[in-house]
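In structure tokens, the next block holds one chain alone, the form predicted alone.
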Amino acid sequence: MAVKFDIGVAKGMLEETPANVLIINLFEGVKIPAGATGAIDIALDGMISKFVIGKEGFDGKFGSTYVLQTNGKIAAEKVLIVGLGKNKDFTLNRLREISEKVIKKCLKMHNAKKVISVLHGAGIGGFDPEQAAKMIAEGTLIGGYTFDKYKSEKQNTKVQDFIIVDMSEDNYKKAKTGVKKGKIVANAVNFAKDLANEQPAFTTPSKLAEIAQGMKDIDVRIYEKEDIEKMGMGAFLAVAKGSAQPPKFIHMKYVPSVKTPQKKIAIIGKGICFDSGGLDLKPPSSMLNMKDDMSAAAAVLGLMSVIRDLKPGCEVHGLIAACENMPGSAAYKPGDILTAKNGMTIEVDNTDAEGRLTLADALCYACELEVDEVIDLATLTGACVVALGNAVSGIMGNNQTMIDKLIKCGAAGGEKLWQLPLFEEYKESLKSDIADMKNTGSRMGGAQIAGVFLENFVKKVRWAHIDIAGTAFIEKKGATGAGVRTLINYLIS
């Protein structure tokens, strides 16, 4: 994990705690600070109210910062004042977002080895101290993430310790619990980011299987090519044929300690470890970041890596049909007829519509587990990116209550999901003259048509499909860990 510092909680007075940097906050429009910021202002002889606000005009707009030298008046060497925006607009998600901005600022500051922070939001913000601390921990550890594994010169991460300081015994106890929970979420997100940022020569199907097998306290079964053939996963196997890398079907199972699980859930992550497009080869520019086509598999592995710490009351099956889509001599071809696990036949219209083929067999497998719900996560369609951009994932499925809950859980985690329809009209373009269906249809409504295709392989379970094609990997920023926070919130809600 590429975070080189830890986050903790300490009881004490901010002005008396030694540090290189002390982080305090200010809501927009405040002229005379109160609470912890007010106490620091008094200790600094009014420097914040008289100079920073009065003369310098710092207005507390969201994300704004001001660095103030303390000249020995308090134990910290510098004060970093952070604008929280308008009080009425301040939310827990905004707290996570500002925490990401703050740590990025600290990482660029000179001599910021020890950073201490006020418990943002627990005062005037009105948040529960545990929830506030959880969001600070999440934002700080996610914002402090770097991927410099392959750089000769590693990023000089100056921050060594980040500590939330509060003088209240009750706040201290609640903040410790919150930080512990925030670490779990951040660790899962950063785990997923590490995998999706990796070079494709590293994250092969075999490597994903190895990572799954290394997880403690969950049952893991890896199906090899021969096993996959016996299970009749003709669609999945066809995609894998063009690669020298053997396919792996990964099944991770978590069973809660309770006698009767609340429900049984299967979560599938699309695991195309590299997508060249197959014989319908992608143009070079479109292929450049196709290492990210296993971002959903990375999200499922990230989730399963912390599931014992989350302790959900439901049984969870993490499933990945892992392979590469390559144009090797044995590659599947346009016009081929594939037979999926449920016996349905598929005419290959385009070999670059491979993710839905691997998901089709994974969905059949999931339904045979007799689970109550199936969620599949996938970087599936460019059409979803065109429709929703990079800020929103698409969601669709066969149960409105489940979809609504996932959208709500996504919003609570700062991940936006927008429902797309699965109308009957979309089925028309998938019709084939020689098979049960084609693997692609019209380019118009492409995200929904992919969803309609997948629905053919869902039987007698509640199901939701989340398309993270636009949100999983951002140009110049890299992997985001999209979907992890949504899934965690859903499992523990």
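Note that this is a predicted model, so its numbers are computed, not measured. Position 1 is the first residue in the sequence shown; the rest follow in order.
Another form exists, predicted together with a small molecule; not displayed. Remarks below refer to it.
Asker: Could you tell me which of 194-202, 131-139, 268-276, 405-413 sits within 4.5 Å of the small molecule in the predicted complex, going by non-hydrogen atoms?
Answerer: Answer to the contact question: 268-276.
Asker: Name the residue from 347, 77, 352, 373 that puts a heavy atom within 4.5 Å of the small molecule in the predicted complex.
Answerer: Result of the distance check: 352.
Asker: Pick from 380, 323, 357, 300: which has a non-hydrogen atom within 4.5 Å of the small molecule in the predicted complex?
Answerer: Exactly one residue meets the criterion: 380.
Asker: Honest question, do 208, 245 and 362 all end up within 4.5 Å of the small molecule in the predicted complex by heavy atom distance?
Answerer: So, no: the whole triplet misses the small molecule.
Asker: According to a 4.5 angstroms non-hydrogen atom cut-off, is residue 440 in contact with the small molecule in the predicted complex?
Answerer: Judged by the heavy-atom cut-off of 4.5 Å, residue 440 is in contact with the small molecule in the predicted complex.
Asker: May I ask you to check whether residue 282 falls inside a 4.5 Å heavy atom distance of the small molecule in the predicted complex?
Answerer: Yes - in the predicted complex, heavy atoms of residue 282 and the small molecule come within 4.5 Å of each other.
Asker: Does residue 215 make contact with the small molecule in the predicted complex, using a 4.5 Å heavy atom cut-off?
Answerer: Outside the cut-off, so no.
Asker: With heavy atoms only and a cut-off of 4.5 Å, decide whether residue 469 touches the small molecule in the predicted complex.
Answerer: Residue 469: yes, in contact with the small molecule in the predicted complex.
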